[in-house]
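Starting off, we have a lone chain in the form predicted on its own, written out as structure tokens.
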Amino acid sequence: MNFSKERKYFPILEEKVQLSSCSQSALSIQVQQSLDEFMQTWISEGMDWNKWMVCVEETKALFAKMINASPEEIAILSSVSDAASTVASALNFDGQRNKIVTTELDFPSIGHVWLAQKKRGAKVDFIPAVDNKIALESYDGYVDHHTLVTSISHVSYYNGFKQDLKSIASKVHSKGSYLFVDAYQSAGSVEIDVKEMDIDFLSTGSQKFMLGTPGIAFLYVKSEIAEQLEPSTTGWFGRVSPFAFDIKQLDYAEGAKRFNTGTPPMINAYAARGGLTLLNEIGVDRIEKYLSSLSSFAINYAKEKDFKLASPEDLNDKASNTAIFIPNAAKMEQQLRQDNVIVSARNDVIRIAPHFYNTEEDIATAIDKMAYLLAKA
């Protein structure tokens, strides 16, 4: 499989090696053109609210298509933390089903959202990570009939560990728990079918494998669940008729729209539309297969250079991100940047996270430069 034609869509690759899709993907000409379209309306029209809202709706539909949802099941917010907060605000922790289960591998801000619910009566349990992984059977010991919501990352931000969403959904649903999925590290690089996987809530943002910018996030809420919930973290776009401007009427829009809050992030929606259009044209299934081959290469090449991996070596348990233990990883990231290689450090690892526009040569270049810098130190 070869994406040499699509690689030309990313101008930065002519001068730099960008392997940072776990943090920020490279800018494509399609996203740049979409951003330019927004800017032109702002320059020439001052504002074009109707056109901007059309773009928001188009972007929502493109995301829905990518995860096999309907647009009515999608809300648009500014971050995954905001999405988790509005979901949390719609849950009631007063009864016996007041437990939240999450994991030690989840992104901290999501854990903080759930911890903030303790003052509302929630009890929060963290499933421990063993060897930077969460065993599937761990859910049996932590999720019980007191669990209201189980919150997990599809793919770990730290080391790319990938979880089996369908199996976990089956386990937690058997105990009566909702499943909330943070897909920030998977959407755009791993196939997601929210219907086949039976997911209740799923949220992700645009800046990583979805090829966009920070400042926009998508929240999927299963249609059967949405109408049962009324979020208290809300805003005027969560109303039945936002433009009625009725300050005294708190009604809730149909479906996932009730989880919208304030004014949608217009320019970010334009960027997201460009990225999602490209991803849907290529096909995430093709991208996932290609990234699996790059993962295999990264694992083998890093081991060949005597690096220690924080990522799983079994490709069934791993997404694009290959995390390599590095002393003073943040310093290494800056040194590589000076040498035109863009990667992302987290704690004690350097994360090499290719997308479809990357090659084995890109990965070898990054690992060779890391080996040289360590030998030189």
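Residue numbers here begin at 1 and follow the sequence given. Because the structure is a prediction, the values reported are computed rather than measured.
We do not show the form predicted in complex with a small molecule, though everything after this point is about it.
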| query | finding |
| --- | --- |
| Contact test in the model of the complex: residue 307 vs the small molecule, heavy atoms, 4.5 Å | no |
| Distance check, residue 142 to the small molecule in the model of the complex, heavy atom within 4.5 Å | no |
| The small molecule contact at residue 301 in the model of the complex, heavy atom, 4.5 Å | no |
| 4.5 Å heavy atom contact, residue 185 and the small molecule in the model of the complex | yes |
| Which of 286-294, 95-103, 72-80, 256-264 lines the interface with the small molecule in the model of the complex (heavy atom within 4.5 Å) | 72-80 |
| Candidate from 201, 270, 114, 157 lying within 4.5 Å of the small molecule in the model of the complex - any heavy atom | 157 |
| Proximity to the small molecule in the model of the complex, single hit among 178, 236, 107, 252 (heavy atom within 4.5 Å) | 107 |
